[in-house]
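Quick setup: one chain, the form predicted on its own, written in structure tokens, and binding and motion questions come after.
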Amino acid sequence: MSADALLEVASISAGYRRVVILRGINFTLAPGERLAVIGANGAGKTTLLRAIMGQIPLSAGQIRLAGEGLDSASIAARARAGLGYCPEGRQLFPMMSVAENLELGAAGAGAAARMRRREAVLEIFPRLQPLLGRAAGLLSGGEQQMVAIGRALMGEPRILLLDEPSTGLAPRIVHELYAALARLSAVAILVVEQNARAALRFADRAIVLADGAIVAAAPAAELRDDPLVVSAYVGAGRLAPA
């Protein structure tokens, strides 16, 4: 493993029963680094996060966190080891309050620790402060996404895994969300996105998935200026400056 790698995904393949989705995926993630995974629907982006979290088994390869193999680790053990996961669709408990949804992310911590972690989340997402007592199901889509990410942060992860965080959100809210995430300098972030424009502006590096394999990997700024990437994943024309 690279000396500066926090997460190493080494030649993994995975899928669902006999259907192989991911084929020979290799990459590393350094502490505090922001890595985007972009690609079309069906490219394997969500499957990659599920494999890292242990929701589906590997058929080949290995995943290591801080040098320790995760092959036999349960989802709960991976969370305790430092993986925080925010799934696509948010998956909040709509009848529970914002505060209650957040605290579910730190269920094993004491009261003082939960309060301290909640205050840290509210520093990242101050919009949630006046909403703590409101039912999560009554929030806007952007506010719900902040709660979902905040819940993952309540576990104090070393790596935050984000699955399509911009889905269904207005461009202004997407910008606000990624601006808040950019303040998490102590947390490495792996974000999978179909919104390549937002992801490439946010990330330090990016990889492009197609048909379950990595077809490009480079600093995000380089991929933003690659005409093939722009044409395939962003749309006609070059990306405007951030």
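Computed from a predicted structure; not experimentally measured. Residues carry their position along the shown sequence, with the first being 1.
This protein has a second form, the form predicted together with a small molecule, left out of what is shown; the following refers to that one.
The three residues Tyr16, Ile21 and Arg50 all sit with a heavy atom within 4.5 Å of the small molecule in the predicted complex. The stretch that touches the small molecule in the predicted complex, counting heavy atoms within 4.5 Å, is 34-42, out of 200-208, 63-71, 34-42, 169-177.
The small molecule in the predicted complex comes within 4.5 Å of no heavy atom belonging to Thr28.
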